[in-house]
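Just the one chain here, the form predicted alone, laid out as structure tokens.
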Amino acid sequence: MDKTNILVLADHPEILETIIRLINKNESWNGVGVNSYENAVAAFEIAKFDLVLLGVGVDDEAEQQVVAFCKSVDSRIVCMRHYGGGSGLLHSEICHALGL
């Protein structure tokens, strides 16, 4: 079974690490963390992503860049803000975004 690849962009290292750890607890998901728009673009050169979470420290300009880039790669890629919260909220956000 293929895993759902989830890219997380956030510039706070500890929060990014926590989000990736929580995502990777799910056997069906593979989380990859990056800390800049440039690194997000580079990540897409290595892997295909189904969902992009925009976390803490991602400003409106970077969000618009990421959304435009993802739509240019594949219009089915879901980009959404992650505002924090516990693992249950993160799980619910991801399931909702992926239509699970």
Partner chain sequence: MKNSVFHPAASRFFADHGWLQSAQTFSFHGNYDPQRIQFGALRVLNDDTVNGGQGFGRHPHDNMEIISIPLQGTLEHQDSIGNVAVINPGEIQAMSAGTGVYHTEFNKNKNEPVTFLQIWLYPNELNVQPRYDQIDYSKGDKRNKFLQILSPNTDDEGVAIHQNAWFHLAEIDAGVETEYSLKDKDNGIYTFLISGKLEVNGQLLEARDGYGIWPDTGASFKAVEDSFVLVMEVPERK
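Please read all numbers here as calculations on a predicted model, not as lab measurements. Residue numbers count along the first chain shown, from 1.
Heads up, the form predicted in complex with its partner chain isn't pictured, but that's what we're talking about next.
S.K.: Even though its partner chain is not shown here, does Ile77 get within 4.5 Å of it in the predicted bound form, heavy atoms only?
M.R.: Residue-level check for Ile77: no, no contact with its partner chain.
S.K.: Would you please decide whether His96 lies within 4.5 angstroms of its partner chain in the predicted bound form, comparing each non-hydrogen atom pair?
M.R.: Looking in the predicted bound form, residue contacts with its partner chain include His96, since a heavy atom lies within 4.5 Å.
S.K.: Should Val41 be counted as a contact of its partner chain in the predicted bound form, where contact means heavy atoms within 4.5 Å?
M.R.: Val41: no, not in contact with its partner chain in the predicted bound form.
S.K.: Quick one: is Ser92 in contact with its partner chain in the predicted bound form, heavy atoms, 4.5 Å cut-off?
M.R.: Close contact exists here: in the predicted bound form, Ser92 approaches its partner chain to within 4.5 Å, heavy atoms only.
S.K.: Is its partner chain in the predicted bound form close enough to His12, Ile15 and Arg81 that every residue in that trio has a heavy atom within 4.5 angstroms of it?
M.R.: Contact check passed for all of His12, Ile15 and Arg81.
S.K.: Can you name the residues of 37 to 65 that have a non-hydrogen atom within 4.5 angstroms of its partner chain in the predicted bound form?
M.R.: Counting only heavy atoms within 4.5 Å of its partner chain in the predicted bound form, the contacting residues of 37 to 65 are Val56, Gly57, Val58.
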